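Just the one chain here, laid out as structure tokens, in the form predicted alone.
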Amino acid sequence: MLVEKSKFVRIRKYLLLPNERAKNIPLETSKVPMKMWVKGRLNHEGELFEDVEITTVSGRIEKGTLKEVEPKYKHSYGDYVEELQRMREIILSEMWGEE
């Protein structure tokens, strides 16, 4: 799929390969590369899953593998945790009293 110049996209960039990772991290972690995802506008036409160059909203130039065109914003703070709700109640109670 050819993606035109200036389209808003998301790329994946490898920061550290497994052999470059620190030796004091868990074994499962050390077996996989450290990677990041960056959003920005394509500097040139590019193919999905090919290496491309983008300019981020802050003006940085980044290179990586084109993974998604016009990415959606997906936010999640995880599942509900009862203990966190109880901690919130305790903190607010101690700050402001029971009322």
Partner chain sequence: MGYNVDDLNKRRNEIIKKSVGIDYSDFENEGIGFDYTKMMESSGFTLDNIFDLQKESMVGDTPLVELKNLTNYARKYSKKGYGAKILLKDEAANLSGSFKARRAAVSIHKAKELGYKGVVAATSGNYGAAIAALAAKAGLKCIILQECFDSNNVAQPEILEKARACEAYGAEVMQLSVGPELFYTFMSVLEETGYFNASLYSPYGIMGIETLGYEIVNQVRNKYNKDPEVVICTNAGGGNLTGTARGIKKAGALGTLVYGASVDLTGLHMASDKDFNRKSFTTGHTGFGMPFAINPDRSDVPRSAARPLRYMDKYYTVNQGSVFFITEALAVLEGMERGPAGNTSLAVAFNLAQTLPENQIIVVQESEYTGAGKHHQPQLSFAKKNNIKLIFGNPLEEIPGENIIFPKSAKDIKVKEVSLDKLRKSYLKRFKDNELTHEDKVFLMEELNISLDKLNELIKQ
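Here the structure is a predicted model, which means the values were calculated and not measured. Residue numbers count along the first chain shown, from 1.
Just so it is clear, the following notes concern the form predicted in complex with the partner chain, a form of the same protein that is not shown.
When the partner chain is considered in the predicted bound form, E62 lines it closely, a heavy atom lying within 4.5 Å.
Among heavy atoms of K35, some come within 4.5 Å of the partner chain in the predicted bound form.
The partner chain in the predicted bound form is approached by V57, whose closest heavy atom lies within 4.5 angstroms of it. The partner chain in the predicted bound form comes within 4.5 Å of a heavy atom belonging to L92. Contacts to the partner chain in the predicted bound form (heavy atom within 4.5 Å) from stretch 62-92: E62, Y73, H75, S76, Y77, G78, D79, Y80, V81, E82, E83, L84, R86, M87, R88, I90, I91, L92.
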